[in-house]
Each structure stands twice: as C-alpha cells, then as structure tokens.
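Read the single chain below, which is given as structure tokens and is the form predicted alone.
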Amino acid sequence: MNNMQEEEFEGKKVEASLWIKVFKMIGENKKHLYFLAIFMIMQAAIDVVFPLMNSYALNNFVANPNVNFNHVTIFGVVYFILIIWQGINVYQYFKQAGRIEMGFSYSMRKKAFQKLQELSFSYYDKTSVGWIMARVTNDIARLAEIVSWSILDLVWSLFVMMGIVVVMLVVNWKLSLIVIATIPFIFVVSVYFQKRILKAYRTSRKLNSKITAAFNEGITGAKTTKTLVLEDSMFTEFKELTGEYRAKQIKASLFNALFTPIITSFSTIAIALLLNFGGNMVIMGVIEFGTLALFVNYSQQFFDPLRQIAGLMAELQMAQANAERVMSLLETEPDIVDTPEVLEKYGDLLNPKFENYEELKGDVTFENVTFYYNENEIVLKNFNLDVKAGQTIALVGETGSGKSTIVNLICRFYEPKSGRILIDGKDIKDRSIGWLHHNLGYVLQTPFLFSGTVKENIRFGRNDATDEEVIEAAKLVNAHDFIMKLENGYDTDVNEGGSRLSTGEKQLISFARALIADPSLLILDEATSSIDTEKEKLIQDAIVTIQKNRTSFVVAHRLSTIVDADRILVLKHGEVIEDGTHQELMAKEGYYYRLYTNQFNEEQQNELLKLNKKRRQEELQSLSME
C-alpha cells in the first residue's frame, strides 16, 4: 500500500485569501456569477418586503373595519407581482448555479490536467496517484458545489439579514435589540464548532485520498494480489482505512448536527422574549398587533439566514481542506523550467513554436556533472562523457550504478546539481524542454499503451502521420504481421494499458511509436529485459532498425543485446570503470567479461533446461499414444 504523504494544512479558520484565489479561478463563468448574485440580492429584497406587506395588511385591512377595497385590490396586484418576481429569481438561481457548477468543474479540471502535464518527474516521485486523483475528482467537485450554490446562499443570507436589521431599527429599535443581542452568542458558538469541524474534515479528506490510492493499487495490482494470495490482507487493510474514515466522518457530522439545533435554540429564545415584551407593548397600545407580527416574522426570518450562514461557514470549513489541496496542486511549480528568454523563442510545452526548433544532430556531452536525489547519496560526481552523433552507447552496471540517472539527465527529466550537459555543443538549458522532447524517442522497460486502437497508439508518436506511414513504421519494427492477425488489424482496441496484447507485442508497438516520430535522440531503457525469447529476435531486429542514423543510449540488462554497440560504458557507483566495444571489453577480461560470461552461461543453462523439458513432454506424449 502506498504510504506517500501529502503536505499538511494547519489553518484553524476560514482563510479569505484562499477563497479569493479560488474565485479568481472562475474565469469565463464570472459573468454568470455576477448575474446570479444580482438575482439573489433581488430575492433578498423580496424576502424582506413580504413581512412588511403582511404587517401592513394586518394593521390596515384586518384591524380596520372601514377597509378601502381599492387599496386591497392594489395591494393584491403588488403582492402577486412580487410572487411572480420571486418565481423568476428562483428559476434563474437554479439555472445559473447549475451552469456555474459545471463550468467551474470543467475549468478547474482543465487547469489541473494542464498543471500535471507541466510538472517535473520529481513531483510524481513524491506524490501518489491516489492523492492526485482525489484532488482532480472529489476536491474539485466539492469546490464547484461551494462556489455555485453555497456562496450565493451566503450572499442571499447577508442581504436578508442586513435588510431585516435596517427595517427593524427603523420600526422599533427597542424590539430590534432583542434580536441583535443574540448575535455575539451565536458567533462564539460558531467559532467553537468551526474549529472542530475543520479539523475532523481535514483528517477525513486525507483518509479519502488513501482510500482512493488503495482502490487504484487494488485494481492495477489485481493479478499480483491473486497470485500471492493477498486478498485477505489487502481486504483487512482496506477495511481498516474505510473504518477509520467512517469514524472521522461520523465525528465531523456529529459536530455539524449539534451546530444547527444550538443556533435554533437562540432563535426560539429571541421569539419568546419578543412575544413577552412586544405583547405587553400591544396591550398598552404602544405598538399595533401587525408590528408585533412583523418582528416575530422577522425574528424567524433573521435566524433562518443566520442558521444558513452558520451552516455555510461550517461547509466552508469543510471545503477549505478541498480548496487547500486543489490550490496546492495548481500552485506547485515545476522543478525544471525554461528561462523567459527560452520561452520567448521556443514557446512552452503546450504552446510550442515549432518554426524556431533547430535540428538536433546528436552530439551529447557531460561536463563535470554532479547529481543526487538525496544529498546524502550522490549518484554522479564530476561525471564526464563525450558522445558523437549517430553513436550507440550502452550503459551497463548493477542497480544504483547511475544508468537510469544518466538517461534521465539527458532527457532533462532532472537537472544536474552542478556541471552542465551539452547537446550539439550548446547547453541543454539554452533550448526548451519541448524542443528536446520533440527530438527524443523513449522506449521503456515496461511498455505502456493508451486506451484506443493499435493505429492510434502508434500515431501518438506523430499525430499527423498518415495510415500508410503508421503501417510502414510497424513493418520496419516487425510488428505488422502480428497486428494483421488481430481481430480488427490496426483498428483493434488494445484495452486499458494494452491488456489484450503480450509484453513483446506491446514493446513492438512502442518501437513503432518511437520510430514514426523520427527522433534524433533515442533512449532504450532496458527495453528487452521483460521480453520472451520468442519475440527477442524480432525486438533485436527492431532495435537495429530504429537506431540507424541517430544517437542512442541503451540501458541494458541482457548483455547479448548490446554486443554491436559502438561503446559500452560499465558503471559502478556513478563512475565509468570500463569503456569500449564488446570485443575490446571481452579482451580485457575485466568486470564486463565476468558479467557477460556469467550471464551467457546462465542463459545457456536455461535454454538446455527448456530443451530437456520439451523432449520429456514429447516422450510422454508418444508413450501415451502407444
């Protein structure tokens, strides 16, 4: 189970600056938000006017024996117009709020996905898929809901309260103080509960991310789980996570559930005091009955938005954890960035200026390069290397010797801590990341295919490639024959991750994808280590084809695959201990010689074992036939 931790968020209150950042992200939906806010303010005005209308009716129509029915008619028409107006406002509220929610979700997820394309490899080293998925899905959905519905409810509530307070103070300031006096008590209670609600929901959001990560690992690692018979332990671990999440959610919901009835009790107390003091004033003739009814009505109305505000503040507390997580993603800066001058000339990854891209010939030079992932474990120290265009360089060595680090630095997935890397005599930082990756072909040890057809996966190497070019690339890497045997040939859906194909078949498609891009710089990261012997000859022929006329770096596990390399670099603890062709290194009878002969003998033994096993099966089969 992935134990990567995300950054901690320790704020104890709703942070206005954070929510201002969120609202700045609303973008093109801003006009809908303003439009909706106007309707909500008009709705608040109607809600304040209705009790005044009722009070007027009680004082002038109900309590007055000499009613002027013309006034009643006018009153009825105005009342009806207000009802129609209210209906229009409610319709616009649901229409616009739904539009804002969907638009905001789309905009935020688009920004998040764009940011994920820009971030450096180091971000993915530190952050698990579960954390990222939780932010892009659940957290953004929660923020969209808050922005579109809850915040606008807050606007309505504030304007209703302000309108009620103003009217009450104008009509009778003494009775108004009874209602207003409860506000400080409500504030204290709100602060107390909000702190605890925020803490509980932050914890539950972290657990939700862990559950998402567990789901991801459970699905992607299903075969491993079953073959190792880990179902029970995986289920137990997942059950513990969901149990802890349930407990935290219940705790947060309990605080939230206690919050509303406490606020309601203040409303009840205020109404009781109003009836007591206001009733005496009616009896003494100080105020009319309709005025007392107005204050009771306003008291109920005042506490409704107040309860709403308290609830919304609690929601903002809960959603602050979502906002913090999403904004932390959107504000994360890549470790590797181009300078403003480089961006001006070459553009960025999403907006490249292809017309300014120079041709990459393929000379690669390391000058006194030092690099480490951890300061206490230096991988390369003052490393030097000079590679000429068109050469094939094989990197050999034990795990941790620096093979993958060298190719990662060439690809600019990471940058040297000191020293520099030159391509065609120019510092790698003086050209854009997009320019480098545009000229780069990279074939991984474990080939990855996207959901879609075989043709679409090959075309990912160059989106404007024609069908004929796709087929030609597949033929050159010996993939055409097996593709034509598939159900729908090049239009066969490979399923998620290419699950319908064998590892060797996926690797051949990866080679075709790299070849169609016509890269000047090719990286093969142990591209043959997981290939069965049946496909190895096809893969080897594909490698020979794809390496022609381009600089290649091959991280090798099977040494038999690199015997034709122009140079073989044997690495140990980040240093080149042997350098030469296969024949030269074998003649030295050093480290490479021992490594190669041991592996060769092991492969020969495996072949003999397979041959003997096949013979025994044939003998048993012939005996059974007799």
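Predicted, not measured: the structure shown is a model, and the values here were computed from it. Note that residue numbering begins at 1 and tracks the sequence as displayed.
One more form of this protein exists, namely the form predicted together with a small molecule; it is left out here, but the text below deals with it.
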Review point. Is G402 close enough to touch the small molecule in the model of the complex, meaning at least one heavy atom pair within 4.5 Å?
Key: yes
Check your understanding: Is E398 close enough to the small molecule in the model of the complex to count, meaning some heavy atom within 4.5 Å?
Key -> yes
Review point. Any of the heavy atoms of D125 lying within 4.5 Å of the small molecule in the model of the complex?
Key: yes
Point to revise | Exercise: F113 in contact with the small molecule in the model of the complex, heavy atom 4.5 Å | key: no
Review point. Pick from 259-267, 370-378, 502-510, 131-139: which stretch has non-hydrogen atoms within 4.5 Å of the small molecule in the model of the complex?
Key: 370-378
Study note, to complete from the structure: Partner-free chain; cross-checking the small molecule in the model of the complex, the single residue of Y414, F289, F460, W149 with a heavy atom within 4.5 Å is Y414
